[in-house]
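First structure 1, then structure 2: two forms of the same chain, each alone, as C-alpha cells.
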Structure 1
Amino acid sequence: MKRLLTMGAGLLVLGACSQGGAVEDRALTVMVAASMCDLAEAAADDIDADVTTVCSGSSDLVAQINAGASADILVTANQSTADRIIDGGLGTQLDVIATNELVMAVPAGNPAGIIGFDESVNGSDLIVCAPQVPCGEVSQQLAAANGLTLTPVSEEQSVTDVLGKITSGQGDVGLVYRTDANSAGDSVETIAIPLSEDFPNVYPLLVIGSSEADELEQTWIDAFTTGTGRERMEAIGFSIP
C-alpha cells in the first residue's frame, strides 16, 4: 500500500511538471536524431539530473512518440519529421538549434583530383542520394543553383550509403552532409560546395506534451546548445543559427 501511495505521489509530481513546475528528482527523457547522439549524451553527463537519451532515425523517434512512448524533448534531423509531431498536437517546436550542409566527400588523397563543384564531378564516379529521398532532393536543388546537372553513377538510399561508397574508395566523389563526412575521420576529405548554406538541413528542437520548456528541460537544452555543448556541435561540423 505504501508503495502504491509513493507511485501515486510520483504521478502527481509528474503531472505538476507538465504544468511547468520544476521538481528536483524528476527524470528526463530526450530523444535525438542519431547524428546528434554523442552530443546529447555528453550534454546529459554535464548536468546533475537523471537523463535517459534515446537515439534513432528521426522518423523512428516520431513513430515512437506517436505510438505513445514518453519523451520530454525531441530533436529531429529535418523539419518534415518534426512537423508530424506538431501537426498531431503532441509537441511544440522551440527553435532550430543547428543546421548542416552538403559538402563533397572524396576518398583520402582525392584520387580523381576533384577541385570544385563543376563539370569535373560529372566526369568522375559521382555518388548522390536518390532524388526520391530528402538528401537527394537537396542535392539536385543545390546542383541547379550552381548551374549543374548531375550525372551520378549511383543514386543511394541514404547519406550513409553514399559515404560508404566513398570510404571504400569505390566512388570518386559523393554529396553528403558535413557532419557525416567528418564522422568518417581520415578516410575521406571534404570540399565545400558554393551556395550550400542556402540549402541547409535543419535540426528543430521540440518539447513534447507542453508548449514551453520547464526548468529541468531548459537546463538540458542549455547544456546541449550553449557553452561547451555549442562548441561540441561546431566541432563536428554543425552550424549554429
Structure 2
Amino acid sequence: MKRLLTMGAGLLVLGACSQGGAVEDRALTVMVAASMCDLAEAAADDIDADVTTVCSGSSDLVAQINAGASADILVTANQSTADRIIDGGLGTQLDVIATNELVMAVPAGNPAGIIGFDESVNGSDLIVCAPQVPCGEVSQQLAAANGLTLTPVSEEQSVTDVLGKITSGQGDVGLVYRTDANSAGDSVETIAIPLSEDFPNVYPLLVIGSSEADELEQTWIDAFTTGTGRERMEAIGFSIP
C-alpha cells in the first residue's frame, strides 16, 4: 500500500511508524523535501511495502518531527534544517544523497521580458521562498553574492509553491531549483543565475529514532538513491555526489 501526503504547516502525521517493531510487520513513513516528492513516491512504488510519503517544505517537516510526528526517514533540502534534528538527538544522518541549484523560472514566452539576475527582477512580480526555508536561504545568499537586494511580491514556504505561482501566471519570475523547473516542462523557461554553482543545496538523508537503517528502511533508501532511483534523480537535473 502506498500513500502520499502533501502537508501544510502545522499538520502532523500520526501513528504511521512503529520504531523497534518487526520489519515485516510495520509500515514505513518517509518525509521528503517538496522538490523530491515525485522521486520518493516513485521509490515507494518500486518496493513491496506499506509506505507513506509525506511531502512539504524542509522546515515544516522538521517542525512536525520536533512536535512529535512519527517518521522513519527524513530527506531535507539543506544541511541546516537536518542539523535541527541531529542536534536534538532525534535522528542520524547517513549521507548526502544529491545536490541542486537555483535558477530563475519565467512563464513560457517570458512576458515580463526578464533578461538576468539584476535590478530588473525587482521591477517585476518576483516570487521567492521565505528566508527561513532552504530555497529562501540560498536565494538570499545568491542575491548577496550578486550585489542585489531582492524585493519580492511574495515569499513562499516551499519551492513548489513558488513554481506553482509562476505556472499559474501569478508571478513574472520565481527562484526555484533547476529540477523543479525541468519538471515543469514547457510551461516555464529558465534563466541561469550567476554563481549558483557556488551555492548548491545539499540533500541529507536521515533515519529518525535510530543510528542506522533497518532492513525495510534500507530497501526504500536503495530504491530511492541507486539504480533506477539514481537515474530518475539525474534525469531531472540533480547532481549525485
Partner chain sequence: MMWRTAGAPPRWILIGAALAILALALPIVGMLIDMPWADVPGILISDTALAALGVSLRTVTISTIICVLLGVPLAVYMSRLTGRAAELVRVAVTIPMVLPPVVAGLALLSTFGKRKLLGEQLSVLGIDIAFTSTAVVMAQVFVAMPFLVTSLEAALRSNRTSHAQIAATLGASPTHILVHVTLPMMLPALVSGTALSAARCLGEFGATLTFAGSLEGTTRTIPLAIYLQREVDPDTALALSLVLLVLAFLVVSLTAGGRRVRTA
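None of the values given here were measured: they were computed from a predicted structure. Sequence positions of structure 1, starting at 1, serve as the residue numbers.
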Report task. Look at both copies of the chain and name the one that is the form predicted alone. Result -> 2
Query raised in the report: Among 100, 173, 162, 75, which is positioned at a hinge, defined as the point where C-alphas switch from fitting one rigid part better to fitting the other better between the two structures?
Result: 100
Report summary line: Two rigid parts, one fixed on its C-alpha atoms; the other rotates between the two structures by a number of degrees, namely 30
